[in-house]
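Only one chain comes next, encoded as structure tokens, the form predicted alone.
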Amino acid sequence: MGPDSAPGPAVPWRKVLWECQPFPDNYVDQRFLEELRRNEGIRQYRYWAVVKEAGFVGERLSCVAIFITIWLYIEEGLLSPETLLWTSLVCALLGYGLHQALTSQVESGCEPRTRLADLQSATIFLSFTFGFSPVLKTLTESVSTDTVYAMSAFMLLAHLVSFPYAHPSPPGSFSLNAALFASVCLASRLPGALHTFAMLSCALLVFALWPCLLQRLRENAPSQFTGVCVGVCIGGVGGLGSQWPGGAVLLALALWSVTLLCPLLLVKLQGQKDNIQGPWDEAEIHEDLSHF
């Protein structure tokens, strides 16, 4: 394959398929590698910028740890459901006010939701959750506790894997459903219906509403976003450490790996990339073919 394989006619070779030429089908001339391009379009990353973006992943891990810590406190009777409900209500009101303050006046592509619509949605959800709490409390009575814990762990893992970290507002349907399913499984193991209602309300706050507020912070207040992520990670490690020191150590190692080690590996391995493009690639049609 190459110039030596040519029969040697004086007719120049052309890279066309519709013309019969006195050359083998696999013939290429010396200009074949002139169109070689290396690492075209490779994006160069900065370490601290990658660490900042990876903070959202660490924050999700910490949120799951905080939710598990709250469940452990309620199960052991160290936290009353009334206290959790009032705390969730205060946090929801503060978060909603901050979200409204960060929301721009003009929403691109859609009409902004009114406060009345938000109040109606919250009222409907809380009413249905409170009404079905006795049913949810007895939902897994026929299932063993080990199976419930295994399902909850699997669903929380699915939530972390499928969470849309690039655009978390609103959270992905599969990710949110997996987290709520795990919340229902864990809440069904609590002593009473009020405990179940308080736990599900907290799950809605952690897995559905908090990512929307955090996305607003990332867009409109980047410096505050970094501080909030660091605070959530510290709270996750500290809260889990109060109930399960071994788990806190594992969470700290996971956070260190995700937010510091993996970005370092990404930046270091960028220099090892050697992508080549050339005339052997598939043809790309750049013309507008819609009129055909």
Partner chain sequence: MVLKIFFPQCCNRADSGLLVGRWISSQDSAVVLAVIHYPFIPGHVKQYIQQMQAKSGVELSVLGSWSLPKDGQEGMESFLRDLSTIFPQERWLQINREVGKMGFTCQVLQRDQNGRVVQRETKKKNEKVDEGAGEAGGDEEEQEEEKVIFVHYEQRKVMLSQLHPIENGVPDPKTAPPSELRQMFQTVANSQPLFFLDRYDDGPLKSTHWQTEGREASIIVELLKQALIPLCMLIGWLLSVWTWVCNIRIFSLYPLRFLSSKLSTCIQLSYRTEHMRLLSSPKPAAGHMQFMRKANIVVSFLVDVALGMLLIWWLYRDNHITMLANMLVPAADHVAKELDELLQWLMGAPAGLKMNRALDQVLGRFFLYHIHLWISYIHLMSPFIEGILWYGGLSACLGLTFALSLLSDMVALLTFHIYCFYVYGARLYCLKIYGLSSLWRLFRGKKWNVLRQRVDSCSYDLDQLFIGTLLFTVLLFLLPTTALYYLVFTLLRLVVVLFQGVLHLSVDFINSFPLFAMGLRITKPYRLAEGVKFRVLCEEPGTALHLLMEINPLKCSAVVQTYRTLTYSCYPKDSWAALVKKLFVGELIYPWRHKTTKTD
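Note that this is a predicted model, so its numbers are computed, not measured. Residue numbers count along the first chain shown, from 1.
Beyond the structure shown, there is the form predicted in complex with its partner chain, which is absent from this document and is the topic of what follows.
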At 4.5 Å between heavy atoms, only one of the stretches 214-222, 133-141, 91-99, 76-84 reaches its partner chain in the model of the complex; which one is it? 133-141
Quick one: in the model of the complex, does every one of Thr226, Thr259 and Leu261 get a heavy atom within 4.5 Å of its partner chain? no
Does Cys185 make contact with its partner chain in the model of the complex, using a 4.5 Å heavy atom cut-off? yes
Is there a heavy atom of Ile124 lying 4.5 Å or less from a heavy atom of its partner chain in the model of the complex? yes
Quick one: does Phe174 come within 4.5 Å of its partner chain in the model of the complex, counting heavy atoms only? yes
Taking heavy atoms and a 4.5 Å cut-off, does Leu190 contact its partner chain in the model of the complex? no
Its partner chain in the model of the complex has a heavy atom of only one listed residue within 4.5 Å, and of Leu72, Leu160, Leu194, Leu209 that residue is Leu209
Restricting to 65-97, the residues within 4.5 Å of its partner chain in the model of the complex through any heavy atom are none
